[in-house]
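In structure tokens, one chain follows: the form predicted on its own.
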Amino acid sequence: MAKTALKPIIITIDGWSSCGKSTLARQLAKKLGYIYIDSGAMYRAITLYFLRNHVDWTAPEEVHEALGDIELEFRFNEKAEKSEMFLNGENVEFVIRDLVVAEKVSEIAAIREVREFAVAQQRRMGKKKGIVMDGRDIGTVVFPKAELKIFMTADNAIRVERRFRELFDKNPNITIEEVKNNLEMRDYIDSNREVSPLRQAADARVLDNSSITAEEQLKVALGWVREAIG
């Protein structure tokens, strides 16, 4: 399926950490000529701001004040052929992937006002459709009427190995046990939080990519896109 004048739809991709949501979302956006929006990067950028500015996220007044000082923006990097996260004008695409941020992002993303802040921006980005957005609650909360919803999953051991390889390139001192503990913690928080917990939408298509390649998962997803567009 080449980049053509397709009817613009909203494609949501939800699922557990390190299931390849971002990889598939980028693949689809590039293939369809859609805009890719990494909702996780938005929460990571907010977390980075809180950490840098010593915001006490258990204090509602501090959270409210901090959010008023945060400006999030995706800018397309033509050389890298991808959108990158900017926090108050600074490119933070690399630093938000650090384990220090990963250890706190689920906790901060569970705060009601933080989610409301991010969701409002996400919905604004999707008004014109023609987007692919991945996250935890995109198909259930942000865009419950999306034309195509995908829920991604994979075997836990495979997820840990994928995440370890990703982080090892940036931090050779990291251990696989640290990665395993971090994923387990994020899974628990994501699925048990009071506000917008991670869950599969009733009308979502389930994609288990434990034993398939990135090319194979793209082929499956493109078939679903064709059905959704009609």
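Start at 1 with the first residue shown and count on from there. This is a predicted model, so every value here is computed, not measured.
Same protein, other form: the form predicted together with a small molecule, not shown, and the subject of what follows.
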| item | value |
| --- | --- |
| In the predicted complex, residue 43 touching the small molecule (heavy atom, 4.5 Å) | yes |
| Distance check, residue 131 to the small molecule in the predicted complex, heavy atom within 4.5 Å | no |
| Exercise: residue 150 in contact with the small molecule in the predicted complex, heavy atom 4.5 Å | no |
| Any non-hydrogen atom of residue 199 within 4.5 angstroms of the small molecule in the predicted complex | no |
| Single option in 180, 26, 162, 193 placed near the small molecule in the predicted complex, where near means a heavy atom within 4.5 Å | 193 |
| In the predicted complex, segment of 66-74, 32-40, 168-176, 201-209 with a heavy atom within 4.5 Å of the small molecule | 32-40 |
